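Only one chain comes next, encoded as structure tokens, the form predicted alone.
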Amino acid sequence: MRFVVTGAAGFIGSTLCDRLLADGHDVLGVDSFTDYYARRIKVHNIRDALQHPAFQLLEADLVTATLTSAVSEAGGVFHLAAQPGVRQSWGEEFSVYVRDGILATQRVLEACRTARVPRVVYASSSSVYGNAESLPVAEDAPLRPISPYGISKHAGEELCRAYGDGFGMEVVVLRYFTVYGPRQRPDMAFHRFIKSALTGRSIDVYGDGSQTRDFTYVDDAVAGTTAAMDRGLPGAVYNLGGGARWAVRDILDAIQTIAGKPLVLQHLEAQLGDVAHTAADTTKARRELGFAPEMDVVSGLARQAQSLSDRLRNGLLD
């Protein structure tokens, strides 16, 4: 089958492309290579895909490009492209989240409607829950995002629902819970912590370290994503969480053990928009998608550390 992946050179997107190619599919990857982080890192992410005969790369801005022809022969579209980052989404920067998150999603959905694409899988975030009233949080919990980023993801979900209800489109929404692993973005916590351990530089830690997250290894997230295309129910929303809830301070200890080096930490106040705790109820995804995360956090951290060590040697760390 032929699939389209938006955000194909990003962290999850590039890993998804590799998985689809390994499964024998043709893939059109779409990416605009925004300047959120260095282009060379994104190109490195898709270096294997670029050598694969079943992969094509379309460098295009989803807001301005003519997308209908790109998706016209697709068996499905995985829409992962968006402006990432919770802390950066406040103030004037929110206009970027509106453009590259909300408007881009509407244009992808419109192109898929026009081209009669059989199914769209939309990548949302646990940020839509905000500080959930109880944990683990299920998909029917109230959505109360506490950051502009979370609001942009909520808006994307509502666009998916509107196109599904209005035009009968098959759209499946996934809420990722703190995905980590090789290729993780440079601004994300595990990347910054491991880089600090490898280089000996100090690292800022927001909050006292007691905040907890449900960490999801990238291969497990991708397995759930492909399952959503194959088995997800039209209009459904699924939590994808790794099932391992760790405190940040315990993650820092684990990274020091894996790296064999101490971290130089500088604790700062918790940042506006950061939730205190997350934990996913994945009952629905396990039942309907066969979602079964396999990677434990320590092993996943070790793999990410090895990947970052390799990138450091190759000059691919900023």
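In this text, residue numbers run from 1 along the sequence as written. Please read all numbers here as calculations on a predicted model, not as lab measurements.
We do not show the form predicted in complex with a small molecule, though everything after this point is about it.
Comment: the small molecule is not present in this chain, but in the predicted bound form one of 189, 236, 223, 146 has a heavy atom within 4.5 Å of it, namely 189.
This chain is drawn without the small molecule; in the predicted bound form, the residue among 169, 138, 205, 102 with a heavy atom within 4.5 Å of it is 205. In the predicted bound form, the small molecule lies within 4.5 Å of some heavy atom of residue 274. Among heavy atoms of residue 177, some come within 4.5 Å of the small molecule in the predicted bound form. Although the partner is absent here, residue 87 sits close enough that one of its heavy atoms falls within 4.5 Å of the small molecule in the predicted bound form. The closest heavy atom approach of residue 193 to the small molecule in the predicted bound form falls within 4.5 Å. The stretch from 157-165, 227-235, 112-120, 206-214 that comes within 4.5 Å of the small molecule in the predicted bound form, counting heavy atoms only, is 206-214.
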